[in-house]
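First come two forms of one protein chain, each written alone as structure tokens, so that there is a structure 1 and a structure 2.
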Structure 1
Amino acid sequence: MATPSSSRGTWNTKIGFILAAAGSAVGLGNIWGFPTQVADNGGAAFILIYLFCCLLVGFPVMVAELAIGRRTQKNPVGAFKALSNGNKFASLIGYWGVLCGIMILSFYVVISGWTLAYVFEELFYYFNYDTAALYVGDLGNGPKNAAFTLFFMLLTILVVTGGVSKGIERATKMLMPVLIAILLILIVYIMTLEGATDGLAMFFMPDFSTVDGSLLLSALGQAFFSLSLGMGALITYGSYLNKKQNIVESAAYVTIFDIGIAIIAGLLVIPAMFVAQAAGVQIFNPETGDLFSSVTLVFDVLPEMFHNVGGFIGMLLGVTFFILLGLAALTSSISLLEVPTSYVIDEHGVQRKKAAWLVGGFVGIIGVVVSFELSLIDLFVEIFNEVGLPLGGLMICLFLGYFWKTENALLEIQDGYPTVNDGKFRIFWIIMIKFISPVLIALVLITTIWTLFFA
């Protein structure tokens, strides 16, 4: 027996929802994924295309997810059931989103655990506990990975058990300002070091010779992932919105916030990479000439840079940087856990605390398995992230555009935005959701599947 929507909780404040939704979007994909994509794909040329993709594709899909969530006041599975007019296949879209949320979280907590482990690595290195530093810094150390994975999972569960306003909203209202403050402080210091200006030049000088179809698809894929679309997180968060809130305005704020964090992160990570290079640390693969992978850069290159800076300042830089990564990871892991937790609450009538512990415990078990078999990370990324999220987004666009109908969605959007049908947004949004977004997302999906399995 499902619980009534009135018991599900709501956001206390407008800013609380925006920060929570932005926190869902702002994660490791912004802090290291976006900067390394920029460095690999023509600097500012990639940024411009990424902005285009976020605003013209990501933003309309975000509005769609929030409208579905608020209209039904249900989790993704319940939402599609409620709007499907008895079509049993529609609920599969919701089930796919819940599954993607669970499986992405199962490896995300492992990587997030690494960020916590490296806080200790920096401390142990500073105090000359070399054996301990090597132990916690070893990414292939299964028992250590499992311990930090479970600790990070515990932090996530504790936030989600607090509910919407007292747990998720309260946590993100605290975490997001701290995250931004740490980013800005680190940027100010990094800019004083040799090599930082070379990183700035790469970041701001566009190399349009790199622009091709693959770059466009990479930018669109990064936009989709960084905005947390296609897995039901924003449907779930939208289900806690009140009718007075302007969905379009809120989606715009979240999109702009996410873009801003990604660009600020780029201003930190790319100059830091070149500071490391100026200190004699390799950031490009000597065999291929390509930039090292993001994992290598974050957990090998940057720690070596912090060690080279040396002394208390080097330790403080390293500890602060990995705390920053941990905070960013936590704001995303909260939303990833909330998706399946809300499903268990709504569809099976389980109380929130019990649901969060049941789902979190299940994900933690998978995370422990991943901790010992790290090859599963690449497999899960390919299936549930690179394929799963675009597939979910495509199904959401097609469902809203051709089954539930954009006219019904606009009626929902009208609550909080009474003049939505009087301006240009209506035409823009209908065209994007019914035609442009599905085509572009399908191109990303087809290209990704071809590259992963056939090329």
Structure 2
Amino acid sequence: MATPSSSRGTWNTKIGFILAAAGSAVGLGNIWGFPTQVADNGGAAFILIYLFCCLLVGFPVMVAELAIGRRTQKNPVGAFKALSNGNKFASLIGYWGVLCGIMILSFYVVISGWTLAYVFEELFYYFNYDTAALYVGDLGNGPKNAAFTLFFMLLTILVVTGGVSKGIERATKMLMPVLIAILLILIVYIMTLEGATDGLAMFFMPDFSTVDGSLLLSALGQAFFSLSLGMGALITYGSYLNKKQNIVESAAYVTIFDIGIAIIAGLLVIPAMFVAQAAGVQIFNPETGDLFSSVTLVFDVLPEMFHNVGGFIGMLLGVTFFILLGLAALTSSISLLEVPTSYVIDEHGVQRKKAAWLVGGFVGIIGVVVSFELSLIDLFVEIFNEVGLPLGGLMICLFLGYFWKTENALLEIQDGYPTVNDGKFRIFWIIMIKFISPVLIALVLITTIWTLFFA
């Protein structure tokens, strides 16, 4: 079982895997999700809790997923079957992951489609094609949304049919440094504008009076979403991992990197929100203090900023930014499609190409429905992201801790990290996986269900 079968790809290089996992992590979650959640949940207090969720729950679960994946060399359904000798309940964890992957991808492609549409919006705006700019920039236009959604779905399918190292690894390599550079340039610019300091205050001064059960769930769900955890994406990526790679070290890099990009994006978007507000764009409802629209916030605020910069430079920044965001979304959406696809390949013996088109086509259809009915995004986020992913993470912790057993996982982790059983990481990880993470997740989920149904 230790050697991958010839049909199963592996990552070419150590850095290749880290880039692919980081590519999966960094996406709309960082640049669209995180800043919006920060704004929605009162700022710095949310950020602190989010950091705790990433480090204390996300990072250990990431190690767990990678270990399960590399051990079994399988998709999530096959992996839980293999480790439990075909136990029905255990494979349910895998099926739940496949379902979450499909449903999350179905709204992810819609938002990614907006990103692509805004590349054109910036161009049309610059060349004074005002009607065209308004048309592609209209997030409520169903047919236009559907077209961009399907186009993005197509790109995702094409990369996934390319297979692991050719498609996914290559797609990620160039992107990150440029994305970071452009975010930093924009941060410097936005700080010179009126209103930006109000954004900084929101970002850095915690107000713990806003902390409640729903904020905890949002922070936990956001951590799972941003790190690509809870549905087996990293089980699948781990299944392409070679035995020389240090799983713990890789997971640490990916976690830190993902947090870093979210913070940088927040430092841009939150001040940009307040700048837009100072310029008369309606962001917060003055009566309730809530955001007017969280789903579309980033697409209201950022183009406003690029138009503000104005001229050729504004257009160039805008176009580059949305292209890069689209590519970041692509390296994430491929990991979402990879889960159900690898399930169909492994468990139903379908060829990669056919499997990717089959699953991708199905997701595309749901995506079209979402394109017309945007309120589904909030609904899907609540069910599959905020509840679904932490629930998946909870089951992964319990399965690993009490069924497969942490000792066995640690044996797997030893490959590539020979001293893991001597150091402090071992204790930390066992305590997190067996006790702290499951208890925290369960508490948050119970609180949520309680407030949903009984309060």
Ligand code: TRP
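Superpose the two forms; the largest set of C-alphas matching within 1.5 Å is the rigid core. Because the structure is a prediction, the values reported are computed rather than measured. Numbers follow structure 1, counted from its first residue as 1.
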Here the form predicted in complex with the named molecule is displayed as structure 2
Core-aligned C-alpha movement of residue 397 between structures 1 and 2, 2 Å or more: no
### Message
After superposing the rigid core, is the C-alpha displacement of residue 18 2 Å or more between structures 1 and 2?
### Response
no
Using a rigid core superposition, assess whether residue 138 undergoes a CA shift of 2 Å or more between structures 1 and 2.
no
Once the two forms are overlaid on the core, the CA atom of residue 284 shifts between structures 1 and 2, in angstrom, by 4.0
